[in-house]
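For reference, the chain that follows is the form predicted on its own, supplied as structure tokens.
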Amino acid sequence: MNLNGFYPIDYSKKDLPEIGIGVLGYGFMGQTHSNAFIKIPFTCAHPAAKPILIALAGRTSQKVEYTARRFGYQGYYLDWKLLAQDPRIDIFDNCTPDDQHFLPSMVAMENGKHVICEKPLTLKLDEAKQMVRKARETGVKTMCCYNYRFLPAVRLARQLIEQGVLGKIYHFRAKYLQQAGHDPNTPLEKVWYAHGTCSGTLLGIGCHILDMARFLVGEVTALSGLKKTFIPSRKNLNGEIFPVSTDEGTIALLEFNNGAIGTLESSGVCTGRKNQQGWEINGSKGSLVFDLEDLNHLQIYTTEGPISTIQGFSNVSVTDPIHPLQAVYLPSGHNQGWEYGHVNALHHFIDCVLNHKPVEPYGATFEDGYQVQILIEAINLSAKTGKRVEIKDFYD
């Protein structure tokens, strides 16, 4: 082969620092995070480091090896404890099902790893509290992966609120709606919130908009909640009937410490809604509207527009270089996809680890994950008792 005019690249020269990554879990989230780590060096304008995919861990040999090969990991483990102990790994990324977040994250922190854990932080409030305590004891960086904080439109919304563009905030209303269980004849195994970890829709998706409420509006001081299971039993694929005890629809009324009020709705039985998440914030000087199904736009209204006769909501395309969290190779007007929330979130965490920056306020720490768990427990208590619940009552 004639190689005249070909200039080989010397990859022994490191253009970026490197950081070792270990991911636990090869399913939807494990693959999403793996994809994000790969994209960081060529997506972020000033990447903090090149993530090196050291090892993937999982229980099923054939599946974990297949996924590890697809994403270019150096190898894999069938025992997550070995992943947590591997000295080459700087960041331990826990992408397991909800009921397996606690122990691997605890062991990884004990081994000095910086830890990313998928949401919700745990299924149990006491476990979340222990995870926060362990993070403080070990001094490692932690992040609960509330990825929607890292969409450009959401980050712009946060900036506008911080700049006072909305004035005094009055209302927050949010929804996260899916249709997974709308059909009573859908087999149990196909209804994610009622099978496996049996998280329910509040823990499974409602946690995202609870975190968004805290991220954009502030701390919740009191709330009232209502939970409903519409289909009390389902058949599995073998025709056996099993009870469904998890919530299929949840509504909560929120009171914030800044005087704002809010509503929150999560559901797994909204026919036609594949993955609809949205929120609206109303203030004394303006309003913001976001819809995940149109994630590159933020609707903005301000009373300070120059011509009163044409005032109205502006549908802003959050895709210009002046906007936050832009993909460096995408020109103005070229949309980012859903996965970029994870690209931006994981890069933020790597930057914080390497450059000794705080993960908060833009990233959700384990403390933030714990605060969301408190709100979930408060909604559960309110739904059970039929009474308004003060959040302060959950603190020692």
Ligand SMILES: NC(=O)c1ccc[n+]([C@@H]2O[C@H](COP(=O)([O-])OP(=O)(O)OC[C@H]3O[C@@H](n4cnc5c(N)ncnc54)[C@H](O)[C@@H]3O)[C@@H](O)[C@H]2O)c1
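Everything numeric here is computed off the predicted structure, so don't read it as measured data. For every residue, the number given is its place in the sequence shown, counted from 1.
There is another form of the same protein, the form predicted together with the ligand; it is not shown, and what comes next is about it.
Taking 120, 262, 283, 249 one by one, only a single residue has any non-hydrogen atom within 4.5 Å of the ligand in the model of the complex, and it is 120. Among the residues 59, 334, 70, 356, the one placing a heavy atom within 4.5 Å of the ligand in the model of the complex is 59.
Only one of 130-138, 153-161, 229-237, 92-100 places residue heavy atoms within 4.5 angstroms of the ligand in the model of the complex, namely 92-100. In the model of the complex, the ligand sits beyond 4.5 Å of every heavy atom of residue 290. Among residues of the shown chain, residue 54 is not one whose heavy atoms approach the ligand to within 4.5 Å in the model of the complex. Proximity of residue 25 to the ligand in the model of the complex: non-hydrogen atoms within 4.5 Å are present. In the model of the complex, residue 338 approaches the ligand with a heavy atom inside 4.5 Å.
Residue 80 is the only one in 69-87 with at least one heavy atom within 4.5 Å of the ligand in the model of the complex.
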